[in-house]
Structures are given as structure tokens and as C-alpha cells.
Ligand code: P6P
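Quick setup: one chain, the form predicted alone, written in C-alpha cells, and binding and motion questions come after.
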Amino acid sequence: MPVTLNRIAKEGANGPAMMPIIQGVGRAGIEISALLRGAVFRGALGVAGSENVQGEQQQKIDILSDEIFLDEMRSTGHVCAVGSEEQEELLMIDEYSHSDWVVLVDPLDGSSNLDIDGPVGTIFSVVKRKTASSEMPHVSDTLQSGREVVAAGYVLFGPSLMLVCSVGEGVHGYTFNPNSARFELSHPDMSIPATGGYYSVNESNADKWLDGMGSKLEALKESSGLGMRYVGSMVADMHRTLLKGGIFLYPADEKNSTGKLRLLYEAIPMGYLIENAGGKASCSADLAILDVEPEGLHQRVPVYLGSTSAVEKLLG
């Protein structure tokens, strides 16, 4: 019999509590995938005419995906609040405000790729609330370092629909089987290759990177022989890095001096996966992503994710 998401309940101390939440992520992924397939016919592509909290133009499908994800987290009955990249404030789930778990999500990473039918994804992580269950959840419940994360993963909307996740007991990939209408284990015990692979970065900004990162990347390319691949969706680029090896980077630059990617919604979930797959996740040579203490819902950091050898060669 195929192994399904039910397996998560058998994975370590947190598996039983995380299974219904990750199953909810899977249901959201199925719904968002259907939305993406029909978006061009429903007039759901293009900008929505509004900006998110970061001042970025929201795509119509960003808003719809955000709504789908929140509804599925509510349906689990185990989530008290959701922090979303698309929302300025923490979203409370009033009917389950006593529950233990808070989910953080980038509901549709890389949505600008949709106009050219490119791959996109959803990124998520789960933390246990710090406030008492008798109180309403508070934003402070989300401000936990990556060392406090109990589960994280992503959904990749590509030629197949994949859910990759970890509850701290390895990283496993599940592919949606349309014949059985369920996610089935396809990539057990994913481990990032120690050598080889590719580097993924938007090099058009190299002359604006801080900390001499342009020169450091040139030195890495010469010493490692890594090829270059870049999609522009973190989920797609990180999926390749996890399977093929190498490094994904998004350095700070003159415009984004503290970094571009969001700590809670992108850096920590991907850092959690990479470390659980045997790689390294850093903000700098002496600071691991998972050791950063968050100060706000939408904090940004530089990101370097990949094999230990590639990250250490780059950062020195």
C-alpha cells in the first residue's frame, strides 16, 4: 500500500500533533493547484490593485490563496492563529483560540511567475504558542527562533503537485496522486548532496550586494564549478537545491540593507528543512538562520541555504 501523509503521526514526538495540520496544508495545496490551473479562465491573474504590508503589488491569486490557506487551517481544529506574508497582523481563529499551534505562511511564493506559467509554491512553518490557552493568541507567539519550530515545509506547484515537509525527523516528499486523490510518499529521507549541484541567485544585482558578496560568489564559482540555475520562485529553486545540491542565496544589497526575504515566512521554514536534510542555513558567516531571534512579523534577513561545503566556501 502507498504511504500517505498519515505516516507523519509516527514521526517523533511532534508527529501526532502535526499530522492534521500538515494534512490541512495538503488540502490547501490541492485547492490552490486547482485555482492555478483555472486562473486564466476566471480572470484571476494579474495585479489586484492593492499592496501588501511590504508595499508590494498583490496579485489577485495571492489574495485567493491566502484565503484558501486560512480556511484550511481553521478546518483542522488545531490552529489558533495564522501569520501570513500577505497580512499586516496576526489572523486569529476565534473558534479555536484555545489551541496550541500557530502557523506561519507565504501562501503563494513567486506569484509573479504566473504570468509566464512558471512554477510557484507555498511555504509554511508551525510553532507552539507561548501565551496561555485561556488567552487570545498574541503576535509574541510568532516571534520564536527557528530552534522552536516543530514542523515546516513547502508545496511545489509544478508538473506534479508536491508537499515536502519535516517534523524534525528527516525531510520527506509526498507527491499528489490524482488517481487516488491523496499525497503519497515519493521522496523518503531527502538529503542534500554534499557536493555538486547549482548556485541559484539573481546575479543582475551583484554590483549592489553588500559585504563583498559579488567577489565571494565569483570565488565560489571558480573553486566549486557549480552551474547556475534560477527560477525566481524560492520554492522551485530550493527544491532543486535540496535534490541536486549547491546553494541558494539572496544577499543584502544597497536597497535592502537588512535583506530581502522574510525571516518568519521564508528563511526559517527553508532553513529548518535544509538543516534537517543535512545542509547549512545562514544569514552570515557567524549567524545561523535558525538562531535569529525574530523582532517582528515581517522582518527580513540575508539568506544562504545549501550544502554545508558550498555555504561555508561562500561565506568564509
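Model, not experiment: these values are computed from the prediction. Just count from 1 along the sequence shown to find any residue number.
Separately, the form predicted in complex with 6-O-phosphono-alpha-D-fructofuranose exists; it is not shown, and the next lines address it.
Proximity to 6-O-phosphono-alpha-D-fructofuranose in the model of the complex holds for all of D109, N202 and Y250, with the criterion being a heavy atom within 4.5 Å.
Heavy atoms within 4.5 Å of 6-O-phosphono-alpha-D-fructofuranose in the model of the complex are found in one stretch of 225-233, 124-132, 68-76, 149-157, which is 225-233. Shown alone here, L261 lies within 4.5 Å of 6-O-phosphono-alpha-D-fructofuranose in the model of the complex, counting heavy atoms only.
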